[in-house]
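The chain below stands alone and is given in structure tokens; this is the form predicted alone.
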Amino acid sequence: MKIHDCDVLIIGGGLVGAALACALRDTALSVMVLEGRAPEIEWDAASWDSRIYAISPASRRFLTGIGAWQQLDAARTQRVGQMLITGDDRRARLDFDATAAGADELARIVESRELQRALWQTAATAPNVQLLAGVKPTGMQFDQADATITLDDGRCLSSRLVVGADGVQSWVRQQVGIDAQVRPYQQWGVVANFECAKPHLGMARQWFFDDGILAWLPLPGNRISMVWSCNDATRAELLALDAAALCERVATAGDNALGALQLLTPAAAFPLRLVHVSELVRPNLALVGDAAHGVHPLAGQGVNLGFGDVEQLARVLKAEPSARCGDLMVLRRYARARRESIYLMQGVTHALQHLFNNQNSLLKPLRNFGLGLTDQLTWLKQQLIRHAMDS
């Protein structure tokens, strides 16, 4: 019988890859995580990460279950109790309230680096997990029973299962020839953090425009994180503004809801795209997170979708003997379980993006009417809140 270096080799030690390692801790499976660069685990406490995530209650329960949530600095997380969405006519509104739905919170805002630190350090304490940072894969071969990965330092690792958790430009996916249909939205996500003159009171805000979507997500204290989904012209404009002009531009776009703004982190931008992946699994191979799907960030569900992948894959792997972790029949159970959630989230975010980022004059009154009508239908709002919280 061949001796493997590990049962599960996770390529990509970001949030989703590290979460999978944590989810498999204390199991009979031996796990390795391969990450090209070790995550940052120390930083200036006065600084704030411009990349943040809205963690759903379902993801929070999952992260608690794998021991990572407890490692977060609670002072750097922010409860979201309410979300106010404003249509592009500035009159139509949709208000989601956690208390009215009988929930403690709609989401919890966490910095990417803080969550990464908690996951990485949790995985590092697991007796069956080995973290390999500072090396990259250069080759991958599969046979009937396992996979062999060649590293840039000359080593070769054999594993029963390779998990691609290496992001939207997945090297793993490309190496095995899994087709990914990438549909650029011709939009950018511009992010920055601000200090606010008025307290946000735990409210997230979102404004739809006919050429983009602006979101303000609350951070601890009188701070917010901005995500502005916009076209290339607006991206170029925002990135060219000095700090004072950017603050004024963002405050005005948000109806000065929180008064004057002061820039905390410089603006940065990333392209937005929809990614459909034709296969999530093959023999001895599984894809998770952005390697398996890409969605528009307007619903803030991308990382939650990835944590859902991890939770389901870990559940499937734990139910089988270690020797079967790369078996295609086992892995297909994971793919079938995730198909509906992935397609639903992609479909909803894609449809909303096209509905509101559309300058057809006939659509504008209809979409704003629909937004206002939904706000009046309490039962529908509660169903939407429950679905988002369970995602």
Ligand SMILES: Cc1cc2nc3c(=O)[nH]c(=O)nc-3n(C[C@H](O)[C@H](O)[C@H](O)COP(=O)(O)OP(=O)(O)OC[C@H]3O[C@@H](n4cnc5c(N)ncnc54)[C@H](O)[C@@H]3O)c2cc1C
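Quick note: we count residues from 1 along the sequence shown, nothing fancier. The model shown is predicted, which means the values in this text are computed figures rather than measured ones.
Here the subject shifts to the form predicted in complex with the ligand, a form of this protein not shown in this document.
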query: Segment that reaches the ligand in the model of the complex - one of 233-241, 155-163, 71-79, 187-195, heavy atoms within 4.5 Å; finding: 187-195
query: Residue 111 within 4.5 Å of the ligand in the model of the complex, heavy atoms; finding: no
query: The ligand contact at residue 31 in the model of the complex, heavy atom, 4.5 Å; finding: no
query: Interface membership of residue 103, the ligand in the model of the complex, 4.5 Å heavy atom rule; finding: no
query: Touches the ligand in the model of the complex: residue 171 (any heavy atom, 4.5 Å); finding: yes
query: Full three-residue contact with the ligand in the model of the complex, heavy atom 4.5 Å, for 57, 315 and 334; finding: no
query: The ligand in the model of the complex - contacting residues of 122-151, heavy atom within 4.5 Å; finding: 135, 136, 137
